[in-house]
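Starting off, we have a lone chain in the form predicted alone, written out as structure tokens.
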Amino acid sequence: MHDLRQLDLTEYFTELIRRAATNLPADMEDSLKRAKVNEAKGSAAEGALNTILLNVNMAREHSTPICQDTGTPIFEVHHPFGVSTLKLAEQIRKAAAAATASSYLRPNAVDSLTGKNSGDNSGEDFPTMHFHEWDQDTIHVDLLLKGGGCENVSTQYKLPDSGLKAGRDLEGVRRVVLDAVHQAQGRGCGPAVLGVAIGGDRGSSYLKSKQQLFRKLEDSNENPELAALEETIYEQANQMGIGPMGFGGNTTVLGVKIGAQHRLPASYFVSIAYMCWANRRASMDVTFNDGKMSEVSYA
């Protein structure tokens, strides 16, 4: 059992936030570089990707936010039995405030009733935190920074959808996901990564779709049907000609990640978490030796 009364991870959470906000993951950067080569020389699409990649390098070099909208911090925390999630949550909130004071995060927490900004990214259910107990003797934390622009073009469909001729099957899923990409056009700061969830209720479906965004672009879905659907949507979305920032071109999405969950017989929801090119995610592992923290590592 680990007693967090003697363990303060605040500074490590702060560093996790800094890394997520200022250092684009390697798989995302590599995908953007490949996309630039795939665009016509001198095109607006190539120019947009050049600017994005320059921004990525400058943010990393100066340890400044990749985007001015540092988004909603979403923490997925896996912890062993005996760890106090109340203490972890308190330390995460302190870390968010410290990261805001250091300008790694923009003050983004606005009271929905008064319109007042808390000034330090603290507020009702802000940051977002989900805790999962597991049987490993480590704490693993995933962090995603989800910007407001891409969040505004995220969406949910209820199947069947007669207007799109989308039934309650994977072909219906394909149709509505491509419709979501079409509706987004250049908004949401594409090229995008699409997190898709099939099933669940409205709330769990949205959550599942965002959790897909933690997956690396190069991974392969364990379900062969979903793996094939991911590839199909990826290829067809990139044939739509929307391109980076809506300027036209060959790169509308950088990846498609799909998860599924059980549902009620009466409901068939498909949720699409549209993520901008600044898919800012980072992870942290805390290991223990004889009940005491021995190492903290980041990825």
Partner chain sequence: MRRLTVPISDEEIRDLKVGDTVHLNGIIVTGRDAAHKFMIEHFIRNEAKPDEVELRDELKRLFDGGVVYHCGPVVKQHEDGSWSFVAAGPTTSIREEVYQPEVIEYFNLKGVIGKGGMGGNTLKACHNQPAVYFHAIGGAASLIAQSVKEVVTVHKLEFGVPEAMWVIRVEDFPVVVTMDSHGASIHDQIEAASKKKLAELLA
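Numbering follows the first chain given and starts at 1. Computed from a prediction, not measured in an experiment: that's the story for all the values here.
What follows is about the form predicted in complex with its partner chain, which we do not show.
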Counting only non-hydrogen atoms and a 4.5 Å threshold, tell me whether Arg168, Asn223 and Met293 all contact its partner chain in the predicted bound form. no
Residue within 4.5 Å of its partner chain in the predicted bound form by heavy atom, from Met28, Ala35, Ile52, Val253, is Ile52
Just checking whether Leu178 would be counted as a contact of its partner chain in the predicted bound form - the rule being heavy atoms within 4.5 angstroms. yes
Evaluate Met58 for contact with its partner chain in the predicted bound form, applying a 4.5 angstroms cut-off between non-hydrogen atoms, and reply yes or no. yes
Do Phe247 and its partner chain share at least one heavy atom pair within 4.5 Å in the predicted bound form? yes
Looking at the partner-bound form in the predicted bound form, is Arg174 within 4.5 Å of its partner chain by any heavy atom? yes
When its partner chain is placed as it is in the predicted bound form, which of 209-217, 86-94, 73-81, 187-195 ends up with heavy atoms within 4.5 Å of it? 187-195
Could you run down 234-256 and flag each residue that has a heavy atom within 4.5 Å of its partner chain in the predicted bound form? Gln236, Gln239, Met240, Gly241, Ile242, Met245, Gly246, Phe247, Gly248
